[in-house]
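There is one chain below, alone, in structure tokens, taken in the form predicted on its own.
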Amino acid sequence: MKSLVVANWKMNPQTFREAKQLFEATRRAAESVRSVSLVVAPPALYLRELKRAYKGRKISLAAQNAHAAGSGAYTGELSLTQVQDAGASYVLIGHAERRAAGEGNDDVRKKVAAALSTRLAPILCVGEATRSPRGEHFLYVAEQLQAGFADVLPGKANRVIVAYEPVWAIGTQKSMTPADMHEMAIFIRKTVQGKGHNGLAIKILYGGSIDERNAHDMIERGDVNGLLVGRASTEAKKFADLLEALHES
């Protein structure tokens, strides 16, 4: 089965010219890796032009965020229909950086349901800020999952992709161990199952200081279906090396 890799460019690069160059380098790297399905999440401003220029099928596009409402007085926001019209097939929801800026579980709940109704695949991001020896972080993740799946209709849960991103690992040099990720993956599936959905059908991604050095082990031993890659996805050589590492898995 192919691994799903989501490249979250965040607020990079600074010009569309650079975005085209990065996308082309990403495309070249992806074309030679048959074992990976790739989703690129650029700044929304670049979505339409990247989609227009790309004629292949190897890469899909994602929005990094969107509003749950279909339209209205929401200055500065983008609707899910708008990002879909611009060429996105996926949308990131509840990323740790969005949550840090004030997005709550109720916002996430609305966005997941709205994305499904718009026929966009929601990538629901969950993860704790700190780990506790007593396991409080599991309760925190459970709350995020329960909110995210609260309005998901029966039979639709398998369209939701869960990206687990431990906040303590984002942007650092320390990644979660595959063994710990395996434990968390089991917990995620059980929690989703507890909401009345088929937890075994859920695709789970890992995100958090992932690069070419640890990507292979995380896929092989972490019980995940793919990766959510941040910083490394904006460095063409590092990202190509990461994809190659997965190709060798």
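Quantities reported herein were computed from a predicted structural model and do not represent experimental measurements. One rule holds for the numbers: they count along the sequence shown, beginning at 1.
One more form of this protein, predicted together with ligand PGA, exists but is not displayed; see below.
- The contact with ligand PGA in the predicted complex, taken as any heavy atom within 4.5 Å, belongs to 170 out of 161, 113, 170, 141.
- Among heavy atoms of residue 226, none comes within 4.5 Å of ligand PGA in the predicted complex.
- Although the partner is absent from this view, residue 231 contacts ligand PGA in the predicted complex, with a non-hydrogen atom inside 4.5 angstroms.
- Mapping the unseen interface onto this chain, residue 209 counts among the residues with a heavy atom inside 4.5 Å of ligand PGA in the predicted complex.
- Using a 4.5 Å cutoff between non-hydrogen atoms, residue 97 counts as a contact of ligand PGA in the predicted complex.
- Stretch-level contact check against ligand PGA in the predicted complex with heavy atoms at 4.5 Å: of 35 to 43, 48 to 56, 218 to 226, 201 to 209, the positive one is 201 to 209.
- Contact annotation for 1 to 28: residues with any non-hydrogen atom within 4.5 angstroms of ligand PGA in the predicted complex are 8, 10, listed in sequence order.
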